[in-house]
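As structure tokens, one chain now follows by itself in the form predicted on its own.
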């Protein structure tokens, strides 16, 4: 059953379509990876779903039984959609525990007192593996710790759908293994649905049940990781050549830089 339904989702910047009439369904309990070359529109798509940027056009944005066309960020979050950006904003004066408590208080449309929010923060910090750093300043965290902090802040709002923007980028092999296991556990043990932008293809192969490939703002292909890996159009989009074989795919996507490294025409 579809938890998220998008039809005709479009965003133009100065007339240039970053997201160009996307239709997408995400079922309850799915882990769906959005992949594609730099500038494909992946991050822009997440930002549209999160309410961070308004759409130029959208005929349907359903989340469960709610119509979220044109909804603001707080309305999307109250509906049960949590977002973890690639470079999460932090409150430098706060401890790790305090910042996660902010996520608890501004998640679902519920009123929490400060003590209850801190208690929920402790629960989430246990879940992601940051409990020992609870009293530390947020500025003391490593890259992986900062990513976990962003995830904890989103989880504290008790979402049903998590939007993740390149959570694996720049991680060591051990950190990557931890991140993959954590996201799998969030779905298997806590019932979350995940829509996830990623360039680290080994993680996509291990974790994603369905892969949606974007290029210049449109859906190019979708299927399981093995299917999209063999798709000639997908290989060409990554490598820029029409007849590259599977051996070329293995090197290109995994080595792709962050979308912050310079998008092509069509948006991030």
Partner chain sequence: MSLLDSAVTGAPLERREGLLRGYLPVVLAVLVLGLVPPLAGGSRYLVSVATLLVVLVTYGVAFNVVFGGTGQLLLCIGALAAVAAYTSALLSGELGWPLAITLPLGVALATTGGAALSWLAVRRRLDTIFVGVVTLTASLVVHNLLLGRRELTGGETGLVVQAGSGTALRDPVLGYYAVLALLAVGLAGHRAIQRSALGWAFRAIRDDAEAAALAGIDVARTKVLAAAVASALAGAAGSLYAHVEGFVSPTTFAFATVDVRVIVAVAFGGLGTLLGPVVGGVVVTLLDEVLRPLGQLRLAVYGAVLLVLFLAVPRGAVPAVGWSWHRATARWRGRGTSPAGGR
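None of these values were measured; they are calculated from a predicted model. Positions refer to the first chain, counted from 1.
Not pictured, yet referred to below: the form predicted in complex with the partner chain.
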Self-check item: Within 4.5 Å of the partner chain in the predicted complex, all of 90, 93 and 102 (non-hydrogen atom)
Solution: yes
Quiz prompt | Location of the partner chain contact in the predicted complex, chosen stretch of 167-175, 72-80, 123-131, 186-194 [non-hydrogen atom, 4.5 Å] | solution = 72-80
Quiz item: If you check 206, 52, 233, 57 against the partner chain in the predicted complex, which one has a heavy atom within 4.5 Å?
Solution: 52
Self-check item: 4.5 Å heavy atom contact, residue 85 and the partner chain in the predicted complex
Solution: yes
Practice problem: Determine whether any heavy atom of residue 158 comes within 4.5 Å of a heavy atom of the partner chain in the predicted complex, and answer yes or no. | Solution: no
Quiz item: Heavy atoms within 4.5 Å of the partner chain in the predicted complex: does residue 144 have any?
Solution: no
Quiz item: Does the partner chain come within 4.5 Å of any heavy atom of residue 162 in the predicted complex?
Solution: no
Quiz item: in the predicted complex, which residues of 212-234 put a heavy atom within 4.5 Å of the partner chain?
Solution: none
